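Presented below, as C-alpha cells, is a lone chain in the form predicted alone.
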C-alpha cells in the first residue's frame, strides 16, 4: 500500500475575523500547517489549532510568512537573508512553544504565500529559510515544492542537512513550467471535489496535468489542500475516499516512509 500525507493550511483566523473551517477539515487531514501570527493567526488561534490537531492525531507544522497581515502574506517584500532567518526562528519558535504546552511536537515547516514562492525562485531566500529552521531544530521537515521548480528549495535544505518533503497542490492549477497559476488568473483555484480528488490521485502516482494539457512528472510525499477553498470539507473528504479506494494510505509526514 502506498502512503502519502494530506496537509492543510490552518489557524488563519485572527482577532474578530474567522477564516476557514478548521474544526471540520481537521478530521480528514494528516498534517496541519498552522499560521504563526504574521500573515494570519494570533496567539489564541495558534493555541486552539495546536490543541485541535493534537486531539485529532494530526501532525503539526509551522506556516511562517512575511510580516504582512493586511496582504495575507501574499505580497512580495524585500528582506535581507538575516531578516528572513530571524523571522523564521521567531514564528516557528512561537508555534513550537504552543506544542510544548500541549505536550505534542512540531514536525515540519512550510513557508507561506509570497515567502514560499520567493524561495522557489531565489536561492538566497531558500537558504535563509533553511538556515532559520536548522538553527532552531534540525529534526524538522522542510516542505518544498515538488518537481523541477522546487529544486532550489530541495537543494538548499539538503545541503544544510534538513529532511525535505515534496509537496503538490491538487486544488491549484499548474503552469506548463511546473509553477502554480497566479491566484490573480481565472480558474487558478479548483473547487470541484471530483476534479481535485482525481488530481490528488494523479499526484500520488507521480504526475499532474498542466493548464495546456501537458503532463508534468512529480515526486510527491504530501498533498496540500486549502481550508478556505469553497466547499473545503467536501473536497478533502472526497480526496480521502478516492485515495483509499486506490490503496493509498494517508499518514502524517515521516510515518510509513
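Residue numbers count along the first chain shown, from 1. Just so we're on the same page, rigid core means the largest C-alpha set that superposes within 1.5 Å between forms. It should be emphasised that the depicted structure is a prediction, and the values quoted were computed from it without experimental measurement.
This next part talks about the form predicted in complex with another copy of the chain, which is not shown.
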Worksheet item: in the predicted complex, which of the listed residues (181, 160, 89, 164) lies with a heavy atom within 4.5 Å of another copy of the chain?
Response: 89
Worksheet entry | Heavy atom contact within 4.5 Å of another copy of the chain in the predicted complex, the stretch among 143-151, 164-172, 80-88, 183-191 | 80-88
Worksheet item: Do residue 104 and another copy of the chain come within 4.5 Å of each other in the predicted complex, heavy atoms counted?
Response: no
Item to complete: Could you confirm whether residue 19 comes within 4.5 Å of another copy of the chain in the predicted complex, counting heavy atoms only?
Response: yes
Practice prompt. Although another copy of the chain is absent from this view, report whether residue 244 comes within 4.5 Å of it in the predicted complex, heavy atoms only.
Written response: no
Worksheet item: Any of the heavy atoms of residue 227 lying within 4.5 Å of another copy of the chain in the predicted complex?
Response: no
Discussion item. Taking another copy of the chain in the predicted complex, would 70, 94 and 97 all count as contacting it (heavy atom within 4.5 Å)?
Written reply: yes
Discussion item. Suppose contact means any heavy atom within 4.5 Å; which members of 27-43 contact another copy of the chain in the predicted complex?
Written reply: 36, 37, 38, 39, 40, 41, 42, 43
Worksheet entry | Flag for residue 184, CA shift 2 Å or larger between this form and the one not shown after aligning core | yes
